[in-house]
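Starting off, we have a lone chain in the form predicted alone, written out as structure tokens.
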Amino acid sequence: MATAVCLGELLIDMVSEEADASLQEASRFLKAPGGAPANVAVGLARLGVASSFIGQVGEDPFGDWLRDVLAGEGVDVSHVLRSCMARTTMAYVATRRDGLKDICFYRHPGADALLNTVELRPRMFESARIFHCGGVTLSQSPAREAQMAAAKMAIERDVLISFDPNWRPSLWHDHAEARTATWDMMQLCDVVKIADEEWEFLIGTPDFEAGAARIREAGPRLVVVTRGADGAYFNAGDGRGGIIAGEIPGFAVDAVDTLGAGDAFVAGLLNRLMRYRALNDALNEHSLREALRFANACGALATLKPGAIPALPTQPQVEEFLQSHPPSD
């Protein structure tokens, strides 16, 4: 039975094979499975966590292929629906080593955006300990409402909720609406992970400490900011009125493609958090630093191959990487 449930987009990433070429310049693309929450579901499965995925693809060969890919990775796909109203979403991605995103979505709408609340069932959350979702699903209805409803179902069952805003400007007609939807979602969450390049737009301040305090006031207990090769910043309440905050250095690797690195990081973080009976048990300096070092390693390893899902590391790969990169202190 699944212990982690991920909901959101499952799509085709067409990844350029030429590093640092723009979408206009790229001449060859590699078909790869993707979609941030789907990446996290596979990432968790590769790290030994039973996971399931809730989402929707089109009744087309690409949708069938994506479903088969997830099933082949050990992800429960019994809640992956097929839509006859829209095709499977595609995203063309320019491969970049600097971590910036150059993505063009074909989603007008895509099947993932048509996921409807009426298709959700409480049994989807049986035995779940973590529910993870992202910001792409919030960009269109009815999927936005479905994600919010799923989060509320998870809350009713005392499931820990993780959220990655995954800001993609081209998917939103109204950027102010994006901020509002992001904050509405964060109020339902326990753990929020945000990339540094989207932090100021979504949170309204460049200051991590001030922004994290604002987020925690809204409800989440743990805020993590990913900073690429520079590692991660964390900020959490310790359950006794105190604050635990700090930075964890990243790992220097020869990155090929950073697409999916943040999702690998999330999978690594959730994998570590699931070792504890409750989130509060993990909210201490030692546990958070250990969890984020592991997550940083997952993110670093995911940059060594093109594509998102193909690059996600396994538990033995992460352990071997950490052994060969001992802490400097």
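One-based numbering along the sequence shown. Owing to the predicted nature of the structure, the values given are computational and were not obtained by experimental measurement.
What comes next is about the form predicted together with a small molecule, which is not displayed.
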N271, M274 and Q315 each touching the small molecule in the predicted bound form (heavy atom, 4.5 Å): no
Contact test in the predicted bound form: K193 vs the small molecule, heavy atoms, 4.5 Å: yes
With heavy atoms only and a cut-off of 4.5 Å, decide whether F265 touches the small molecule in the predicted bound form. yes
Exercise: G299 in contact with the small molecule in the predicted bound form, heavy atom 4.5 Å: yes
My question is simply whether G228 lines the interface with the small molecule in the predicted bound form - judged by any non-hydrogen atom within 4.5 Å. yes
Sole residue of W172, Y106, F251, F201 within 4.5 Å of the small molecule in the predicted bound form, by heavy atom: F251
Among the candidates Q140, T258, T182, N235, the residue which, in the predicted bound form, approaches the small molecule to within 4.5 Å (heavy atoms): T258
For the small molecule in the predicted bound form, the stretch among 279-287, 27-35, 50-58, 299-307 with residues bearing a heavy atom within 4.5 Å is 299-307
